[in-house]
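Let's start with one chain on its own, the form predicted on its own, as structure tokens.
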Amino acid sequence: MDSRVKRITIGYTILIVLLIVLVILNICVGSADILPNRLWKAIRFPENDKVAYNIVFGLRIPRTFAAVILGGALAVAGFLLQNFFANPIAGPYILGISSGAKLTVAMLMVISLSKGFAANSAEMVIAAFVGSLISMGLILLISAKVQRMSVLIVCGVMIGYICSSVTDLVVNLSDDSNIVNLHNWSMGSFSGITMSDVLTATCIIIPACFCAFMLSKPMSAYQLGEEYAQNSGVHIKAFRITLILLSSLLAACVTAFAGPVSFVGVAVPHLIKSIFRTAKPVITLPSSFLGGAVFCLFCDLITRTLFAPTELSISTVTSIFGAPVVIYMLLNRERLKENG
């Protein structure tokens, strides 16, 4: 076994082991700890311990699965955007795509609640998708006007701030009884997600990630340059549109159910590429999904346990661990430029 295969095997093994361990911890640990033996008894004989059964199956399992599927989706969305813009700092949150989705979902939630009914999962995903596409459209218009990627990133951040400010205004103008739920969602959280929401998200995210994986070969060619990809038989326009739609759909789905979750889409793909020492999509895409799941499980565990029973927003914790990675990336790029 050569060193590259060995590294990939070890990397995937570590990610899978961490995923299993963190899933168990997220189910067992919380404001009310449920030891594995009690968990097993609650699963086998739910009528004997209804409290543990309700906590595990009503709250923790849906939340844990949500962190896995939505965290993985964010990392894959970030990887797709980084390939599209040929920049490792591009991500759904930094480019303002998540904020655009957040704005349209918040408006839908406020309007529906003011009419006396709650929007269903499908309506929220559609609203988020529309918002993410609008933000992506603005980013693409700006990218046609500017040559420097740093300017595009700054414009994306500004779009994100504008959308977030309008969202805060919409939330604060909503009915008092709805402000708490809207505020918690707008800050980013995996709490309150039901198993039905998880199934809906899974039905959208897994096919989207599979489609992204099927683009591994043209994506590898695209990484070597647009001209090289075109000479290799890649239909550039269709390929770029597909990347836009897939990344927007994945980011929208996460925002619809969990609100904006920051830095996962930027930090995780970079860490995965550093660990595996490759940017090949056929390896990096599945490992990014696993890495995003592990990262979000770890961060969500901290949000629930650090100041239990008070919870932090998921974006607070992902920013603490994700922002230093982005800073390191920026400093490393500057150092490479100076040495080059």
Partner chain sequence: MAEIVLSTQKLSVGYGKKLVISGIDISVERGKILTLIGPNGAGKSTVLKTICRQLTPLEGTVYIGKNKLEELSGNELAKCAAALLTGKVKTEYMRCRDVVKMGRYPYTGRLGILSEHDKDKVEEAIKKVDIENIADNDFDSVSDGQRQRVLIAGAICREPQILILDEPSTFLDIKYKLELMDILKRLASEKKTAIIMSLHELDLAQRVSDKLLCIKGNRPDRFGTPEEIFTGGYLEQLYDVEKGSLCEYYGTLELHRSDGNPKVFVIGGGGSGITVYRKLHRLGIPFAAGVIHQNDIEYPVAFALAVKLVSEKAFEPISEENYQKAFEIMSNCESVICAVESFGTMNKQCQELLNEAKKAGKLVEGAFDE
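Values in this document were obtained by computation on a predicted structure and should not be read as measured data. Numbering follows the first chain given and starts at 1.
There is another form of this protein, the form predicted in complex with its partner chain, and it is not shown here; the text below is about that form.
Peer 1: Just give me the single entry in S165, T194, S112, Q223 that has a non-hydrogen atom within 4.5 angstroms of its partner chain in the predicted bound form.
Peer 2: Exactly one residue meets the criterion: Q223.
Peer 1: Among M214, Y228 and R277, does every residue place a heavy atom within 4.5 Å of its partner chain in the predicted bound form?
Peer 2: Every listed residue reaches its partner chain in the predicted bound form, so yes.
Peer 1: So if I measure heavy atom distances to its partner chain in the predicted bound form, which of the stretches 101 to 109, 215 to 223, 69 to 77, 197 to 205 falls within 4.5 Å?
Peer 2: Contact-bearing stretch, as computed: 215 to 223.
Peer 1: At 4.5 Å between heavy atoms, is S232 in contact with its partner chain in the predicted bound form?
Peer 2: Because a heavy atom of S232 falls inside 4.5 Å of its partner chain in the predicted bound form, the answer is yes.
Peer 1: Using heavy atoms and a 4.5 Å limit, would one call A118 a contact residue for its partner chain in the predicted bound form?
Peer 2: Residue-level check for A118: no, no contact with its partner chain.
Peer 1: Do K273 and its partner chain come within 4.5 Å of each other in the predicted bound form, heavy atoms counted?
Peer 2: K273: contacts its partner chain in the predicted bound form.
Peer 1: Taking heavy atoms only, is V51 within 4.5 angstroms of its partner chain in the predicted bound form?
Peer 2: No, no contact at 4.5 Å.
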